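Form predicted on its own, single chain, as structure tokens, below.
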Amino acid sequence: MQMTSEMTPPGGAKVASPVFGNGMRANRLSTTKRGGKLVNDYWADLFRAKEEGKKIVWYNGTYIPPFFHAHDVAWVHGEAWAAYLAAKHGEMPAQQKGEARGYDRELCSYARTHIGQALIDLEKLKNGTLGIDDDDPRAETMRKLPAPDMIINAYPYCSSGQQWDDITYRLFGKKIPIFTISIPLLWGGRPDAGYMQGEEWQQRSQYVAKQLVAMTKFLEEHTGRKYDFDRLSEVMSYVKKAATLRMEAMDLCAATPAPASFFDWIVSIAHVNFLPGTQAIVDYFEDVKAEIQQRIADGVGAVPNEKYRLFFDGMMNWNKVGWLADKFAAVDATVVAGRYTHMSFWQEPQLVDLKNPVLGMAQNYLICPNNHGAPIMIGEIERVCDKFNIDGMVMHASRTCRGMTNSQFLIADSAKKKGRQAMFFEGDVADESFYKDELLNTRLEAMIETLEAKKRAA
């Protein structure tokens, strides 16, 4: 049954839904809305990069663009492109192109969208057409993604991600030079293992750092220019400062009511994930933090009438960011934190030594939240939940992202042992067809009723 703010029983008058009846909308940060200009500027610069004579690298995986920025190479992040199209509801031409080639709908929809885009680009190069109607308003966007001069893969934990660039390499006739960085899983099985500690941690940090240095040699070889590590330190100075401000601002949301939500942090991921490391991203997060501090002083929350505090586990459904933000606000629930936002993207900026940043960069790549053995990862999730006084967990079982969903039953079981409620709903990162609103409504209603009963009993 579709849950709405008003429901009409058979033969009866409209009555308010007991859960979705308050009509509240999320109170989003104004600074994060303005941050969209930085993202749009990045794409506009990328679309012009070929005309300006820049080399283009396509990459997938962890946040390695500072290496490209320092070498004056333009970059296309495959996941970011797929998320960008999905957020603009322009993903279908690329996904249909991939499916027509034989890539199953159960394949990672990030990969399927980006591979479909590669097929569109190849068709464009071959005969000057896009394979979509030029009258389609999305056509102007779809025709601009520049083809790669190099391909780099730096994917932790995800076997699909590691094969994704190999597929792209083959689509381009095995003529594009490719470099792969191995980021091994931190199993955490040794006696001295822990979060950022132990022999395994030290060994694998050095292993990844050596590969990053080798990647700079690859960039030198295919650009004909010597790599400037001083410039890398300069770029990382901005990234480190921005990341520090971001973590400080997120920590402020332990306040009640929470001044910002998981959905505000979702739309701020691009700024530390793949945007250029400049003063612009530092200014952005300074503004975000200042707005949050002002909201705390004024007693303003991300949800107007916060009653429940939730943790979001799973990748984001990029087609539904605003929709989901309002969905939870309508039940007086603030999604305060999440594994994807609070345990990723330079979440340990203090590890980066600006005099020699490569090792600290490697270590931040290793602590991607999916790259730990379950006991350490779940321990970190529980730490975040305790910090933000979480009542319940929302598990987004992304249909085509097994890497993120494989451990979710273990996470939910641990949450229940800690007295937290947990609910699951199915969706996807970039394929809207897997999301079922009725399912989320039914399960969210049940969770809220349970949380409300617990609060009354207490």
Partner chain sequence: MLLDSTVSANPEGRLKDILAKFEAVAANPLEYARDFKRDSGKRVIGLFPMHFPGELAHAAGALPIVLQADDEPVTIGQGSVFNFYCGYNRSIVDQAMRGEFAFLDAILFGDHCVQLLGTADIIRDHLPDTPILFNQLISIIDAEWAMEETQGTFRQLWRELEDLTGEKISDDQVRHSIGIFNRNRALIRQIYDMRRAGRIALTGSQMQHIVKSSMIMDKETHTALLEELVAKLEAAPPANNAVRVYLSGHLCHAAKLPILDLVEECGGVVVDDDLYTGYRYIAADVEETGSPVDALSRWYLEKNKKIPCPTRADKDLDWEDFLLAQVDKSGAQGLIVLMVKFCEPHMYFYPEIKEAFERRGIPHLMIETEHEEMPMEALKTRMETFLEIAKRRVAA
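Since we're looking at a predicted model, the values are computed, not measured. Numbering follows the first chain given and starts at 1.
Another form exists, predicted together with the partner chain; not displayed. Remarks below refer to it.
Across the options 66-74, 39-47, 399-407, 385-393, residues that bring heavy atoms within 4.5 Å of the partner chain in the model of the complex belong to 399-407. With a 4.5 Å cutoff on heavy atoms, Y207 counts as touching the partner chain in the model of the complex. The partner chain is not shown here, and in the model of the complex it never comes within 4.5 Å of any heavy atom of F274. Contact between S182 and the partner chain in the model of the complex is found at the 4.5 Å heavy atom cutoff. Though the partner is left out of this view, W187 does reach within 4.5 Å of the partner chain in the model of the complex, counting heavy atoms only. The candidate spot formed by H89, Y227 and G314 lies out of contact with the partner chain in the model of the complex, as no residue has a heavy atom within 4.5 Å of it. Of the listed positions (T278, Q96, S160, T216), a single one reaches within 4.5 angstroms of the partner chain by any non-hydrogen atom in the model of the complex, namely S160. Of the residues Q347, T223, Q211, S233, just one reaches the partner chain in the model of the complex with a heavy atom at 4.5 Å or closer; this is Q211. With contact defined as any non-hydrogen atom lying within 4.5 angstroms of the partner chain in the model of the complex, the contacting residues in 102-122 are G102, Y103, D104, E106, L107, C108, A111, I115, given in sequence order.
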